[in-house]
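As structure tokens, one chain now follows by itself in the form predicted on its own.
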Amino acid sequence: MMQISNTITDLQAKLNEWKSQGQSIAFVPTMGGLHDGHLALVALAKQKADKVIVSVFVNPTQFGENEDFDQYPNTLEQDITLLEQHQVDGLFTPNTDQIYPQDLENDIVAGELGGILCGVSRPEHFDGVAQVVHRLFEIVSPDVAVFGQKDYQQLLLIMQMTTQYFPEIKVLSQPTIREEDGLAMSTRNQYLSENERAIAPYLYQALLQAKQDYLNNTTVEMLTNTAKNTLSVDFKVDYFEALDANTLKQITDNTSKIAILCAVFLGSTRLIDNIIFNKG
């Protein structure tokens, strides 16, 4: 039976009970609107610990002005059913006051990594991510936490923040789960019209082509320009970059792993995706 906690007190009582029995805890933070991508995180979490806690909290501090905070899908009933079907042990559904009490000092910032790529067009976003994950880690203090690779910049940032503040927590990543046509699964995909949904997979195709170009020794400048030109036919391109996957800095001779990352708008919906591979 899944334990649903709305308050920190309730949640921690259950966590303390499990921990006193020597049970390990894996944690999967989400904003709800759950899909198979989230369920893959849950599956990985179940392999790595005795008990799995999922949180559903739409974090206001990571949405900028004119972003989709008010429209963000709220599917809690459906989410609960899915999590119960997948035998999750606990669900944490706090309100904003639980996460950000008035006396909370919030000096957690994303730093340099939060100011590039998505951080350029969403300047407050990664500070909000760093704050909420830090706060959730304080509350849950899991042994393991699981995040998806679809938001690769966010993943690296969380790993960095965890190393700094919570070295005892192990962060694991799950490769991006895709629809059959290649589109990365995302809660925001439900905003797409039928026509836009048919166009959306071109984004992943552009990433695959860019990877192929890279492995064929095309210069980074040329392959990113080609991709931007191709994508501009159907999308408004925010960025398309090939970088060192470990640092998100320019590729050098010492780079062993490549990340090609992009963000685009399709109509009013912002889509992000990436492809990570060894330099070869």
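Sequential numbering from 1, following the sequence displayed. Every value quoted in this text rests on a predicted model; they were computed, and no experiment measured them.
Missing here is the form predicted in complex with pantoate; even so, the following discussion is about that form.
Every member of the trio Met31, Val129 and Asp151 reaches pantoate in the model of the complex with some non-hydrogen atom inside 4.5 Å.
Of the candidate stretches 170 to 178, 131 to 139, 113 to 121, 84 to 92, only 131 to 139 has residues with heavy atoms within 4.5 Å of pantoate in the model of the complex. Shown alone here, Tyr204 lies farther than 4.5 Å from pantoate in the model of the complex, counting heavy atoms only. At least one heavy atom of Asn59 is located within 4.5 Å of pantoate in the model of the complex.
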